[in-house]
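Next comes just one chain, in structure tokens: the form predicted alone.
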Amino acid sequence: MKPSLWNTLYKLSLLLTQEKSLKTSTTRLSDKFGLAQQTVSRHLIILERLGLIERHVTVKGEEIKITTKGLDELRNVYFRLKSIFEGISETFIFEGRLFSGIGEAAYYMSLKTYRDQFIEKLGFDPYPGTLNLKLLSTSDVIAKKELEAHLGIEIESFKDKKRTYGSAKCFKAKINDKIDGAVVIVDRSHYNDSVLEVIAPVYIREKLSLKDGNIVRVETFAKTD
């Protein structure tokens, strides 16, 4: 996203500090932002198209709300700046309750292009499928968002004749202090922010004698070297 667009999103967030939505007009925003009305209008259209804001026309102008995706964009920049001024958090500790997924991960991880990247970049051939953990606390969910702001180990997207497969990034991890693996953050995950997906070179459930409902501890390392 262009810096000028991000700046408009940021300025909108300042106006929304106390409210969930903002009732305004492009004329008023033009005065507040010091931008031409046409520029403000164009920025709002693009931000809406990107899914970062929602707009609803009212008799008094329009109502603007920053979406969850927009808040995540702002939050990611905050965490990046935090790492610059306060230092990078090198490790993140998560605890989550194990649950069964719908089996999609096994299919995607068996695709050769993905699998080859995991082997090359993580140093192991992952067992097909992910260990799915429902994070136990709000602080864990926030910590996951902070982890997502780090670069991680990139798993690149690719195309075949049928479709495009999304990208992901990984962070090396230790599961229950016993198994070396990685946390995978998928670009197009069907899970929400409260779910942590973990992979390893072994079948984690069997190796640790786990079943749905068990609490699992994952120590995750932000640095990629």
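In this text, the rigid core denotes the largest set of C-alpha atoms whose superposition between the two forms falls within 1.5 Å. Don't overthink the numbering: it's just position in the shown sequence, from 1. Not measured: the values here are computed from a predicted model.
As for the form predicted in complex with the DNA, it is not shown, yet the points below apply to it.
- The DNA is not shown here, but in the predicted bound form it comes within 4.5 Å of a heavy atom of Ser25.
- Gly166 falls outside the set of residues with a heavy atom inside 4.5 Å of the DNA in the predicted bound form.
- Contact annotation: Gly61 falls within 4.5 Å of the DNA in the predicted bound form, judged by heavy atom distances.
- Within 4.5 Å of some heavy atom of the DNA in the predicted bound form lies at least one heavy atom of Ala36.
- Stretch 52 to 60 is the answer when you ask which of 173 to 181, 186 to 194, 52 to 60, 66 to 74 has residues with heavy atoms within 4.5 Å of the DNA in the predicted bound form.
- Contact with the DNA in the predicted bound form holds for none of Arg80, Lys82 and Ala222, as no heavy atom of theirs lies within 4.5 Å.
- Once the rigid core is overlaid between this form and the one not shown, Thr164 does not reach a Cα shift of 2 Å, moving by less than that.
- Once the rigid core is overlaid between this form and the one not shown, Asn176 does not reach a Cα shift of 2 Å, moving by less than that.
- Once the rigid core is used as the reference frame, the Cα position of Asn214 differs between this form and the one not shown by less than 2 Å.
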